[in-house]
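Single chain ahead, written as structure tokens, the form predicted on its own.
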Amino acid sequence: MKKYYFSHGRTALLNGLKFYNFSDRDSILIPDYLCEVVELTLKSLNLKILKYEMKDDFTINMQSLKSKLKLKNLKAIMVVNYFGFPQNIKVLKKICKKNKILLIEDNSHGYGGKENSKLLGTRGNFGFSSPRKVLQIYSGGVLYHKNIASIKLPKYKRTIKDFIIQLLSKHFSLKTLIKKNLILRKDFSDPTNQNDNIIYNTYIDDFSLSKIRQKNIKIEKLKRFNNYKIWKNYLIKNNFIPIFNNADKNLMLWCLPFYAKNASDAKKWFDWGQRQGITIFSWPDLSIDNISKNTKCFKRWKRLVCLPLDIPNNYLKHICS
């Protein structure tokens, strides 16, 4: 498949959809546990959104998905490789072929990951990844599509915040020192504390693109794999279990997710991370509708804790000892 580089994964999705002649009557079936910005991106194209349920282990509730297939004007199904772990796409391909609908692979969390030598994000009709989530760059989203097209967009403009984050990423000791002493910091236990819901429509900046092309992906994957093992052992020692028990060196792992006992316990993990100078976080940025209705997704969100893998190996061993 051909690669198109954009500023964000959501931008890659937006432009991937533009290859097709969707109308405002058409619907796309997406998972119910996903960042709100995905919905906003689809709605910006006047598409209708249907949702199928995800189980707590982040596998698809196939009964829920299949119950939506008979709805009118369904044009595509989106599947998400949560945290870099691939979904079983074979059964979805069969469903899409039988129902004559598109399969979109959201691999935002797992740029460069492979399963059976197949690059994740390239297993559907089109897919996308978000290298900015796993590489220290200003911007970066990749669209994988078989069609060739000329897309004209402005380049992403870096902000002062981008420059500061990039600078701190090169100095881990300074970064941890600042995080430990921050008085005002993001409260990851607050569901209304949203991140970034802007629908960008820009190309990747030149600096980030050059970094992507220079980066040794195998080394980054191995680093994250080794950190995953350290976190996993630490969790087991403290009587917690990772949602994904078996990691793989061929995957690009975004983080290690697990469930705390309750919302209060999750907050303790977020606060402990801050004291160590690292960011332990919740995910995703749910819609206000999910929060106000106290949905199953929100109840899951309140217990989900994500452990970062972008930490120097020696430091992670130290805080987990």
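Numbers for residues come from their place in the sequence shown, where the first is 1. Source: prediction; values computed, not measured.
Form predicted in complex with a small molecule: not shown, discussed below.
The shortest heavy atom separation between S130 and the small molecule in the model of the complex is within 4.5 Å.
Interface membership of D196, defined by any non-hydrogen atom within 4.5 Å of the small molecule in the model of the complex, is confirmed. Taking the partner from elsewhere, F58 is found to have every heavy atom lying beyond 4.5 Å of the small molecule in the model of the complex. At the 4.5 Å threshold, heavy atoms of R224 stay clear of the small molecule in the model of the complex, well away from it. Between 209-217, 147-155, 169-177, 106-114, the stretch whose residues reach within 4.5 angstroms of the small molecule in the model of the complex through a non-hydrogen atom is 106-114. Taking A266, M54, C35, L65 one by one, only a single residue has any non-hydrogen atom within 4.5 Å of the small molecule in the model of the complex, and it is C35. The partner is absent here; in the model of the complex, the one residue of I204, V80, L143, L120 having a heavy atom within 4.5 Å of the small molecule is V80.
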